[in-house]
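In the form predicted alone, a lone chain appears below as structure tokens.
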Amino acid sequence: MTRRAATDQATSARRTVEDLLQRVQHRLTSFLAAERAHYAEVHEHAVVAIDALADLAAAGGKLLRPAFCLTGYLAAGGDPAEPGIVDAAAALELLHISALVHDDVLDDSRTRRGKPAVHVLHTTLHRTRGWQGESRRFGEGVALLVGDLALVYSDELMAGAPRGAFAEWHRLRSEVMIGQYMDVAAAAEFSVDPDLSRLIALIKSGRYTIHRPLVLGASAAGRTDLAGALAHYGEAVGEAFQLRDDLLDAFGDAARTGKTAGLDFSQHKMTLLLGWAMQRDSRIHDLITEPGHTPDEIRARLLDTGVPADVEQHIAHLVDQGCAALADAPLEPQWRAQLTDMALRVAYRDK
């Protein structure tokens, strides 16, 4: 095959994924619109949670999980005209929205996708209208219910997916919940344990974002033989994705990321970045846990340890490791190229 032909095939593969992602966005929009129309006839309050979901779905998320699901499906030879795979990808995005809404409560995040987080919006609404009870409790209660509704809807959409996707779907959902608990517990303990930090990042983020969606897509196409290679790729690239997230939280621009900066500091998240840094400089622990210290102080101390640069090197190693896992996998060249491009994009994103 000539270089031009290979380039054309890679471009075609990317466009097929992009076209399907547009169908996923349309499926989400039309599904939520139909739910809203139904509940608007019940009562004006009945649409509030649906509107919150629709706002988040329309706010321009990265659609990473749907993209990896669709790529796994297409790379496994799946038919792009099959409507069930669009439902599966849309279900993954609603599951993600559920996790985001709950995450923002757990982390006390103020913004999400450039807008006030659901619990913040409804806390403010309660306070400004002078309603009964505690405003914060009301806002967090609404957010929990909105997140639960997204979880219910994700299952409803997944019911239309190819049956081969179901086993991986169930593993993905339970795994992310368990990973979330481990993250909360590690933040409470705030003890230096880089091995545990890596495990949590892998379970609650890496597998959930890349590994499981990829395997789910391939399984939906009936290609469980690809699971091993996709798992090796997904776990390595998934860890790189989470490490980039850690760096963006510490050093990123909130205007670009669309979420509150420095949450890992304020919520005592024991990320691998912080774990490695504390091994070199124990004072960082006190800067984070003792009152009176600014995020800028913490950032400066982190840079002094040299750990952020080491994390960058580790990200590069993980991307190489993940892409190498595809070398002998039975994939068409254009899908190997697509997965390589996706690995680079998630590992070196700026938001």
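Numbering starts at 1 and follows the sequence shown. The model shown is predicted, which means the values in this text are computed figures rather than measured ones.
The following text describes the form predicted in complex with a further copy of the same chain, which does not appear among the structures shown.
- At least one heavy atom of Glu189 is located within 4.5 Å of a further copy of the same chain in the predicted bound form.
- In the predicted bound form, Leu199 approaches a further copy of the same chain with a heavy atom inside 4.5 Å.
- Contact check for Thr128: every heavy atom lies farther than 4.5 Å from a further copy of the same chain in the predicted bound form.
- Taking the partner from the other structure, a further copy of the same chain in the predicted bound form has no heavy atom within 4.5 Å of any heavy atom of Thr260.
- Comment: a further copy of the same chain is not present in this chain, but in the predicted bound form one of Met278, Leu243, Val105, Ala76 has a heavy atom within 4.5 Å of it, namely Val105.
- Note on the partner interface in the predicted bound form: the residue among Ala250, Leu151, Ala229, Val120 having a heavy atom within 4.5 angstroms of a further copy of the same chain is Leu151.
- Contact with a further copy of the same chain, judged by heavy atoms within 4.5 Å in the predicted bound form, is confined among 251-259, 68-76, 157-165, 218-226 to 157-165.
- Of all the residues from 172-206, those having a non-hydrogen atom no more than 4.5 Å from a further copy of the same chain in the predicted bound form are Arg173, Ser174, Glu175, Met177, Ile178, Gln180, Tyr181, Met182, Val184, Ala185, Ala187, Ala188, Glu189, Phe190, Leu196, Leu199, Ile203.
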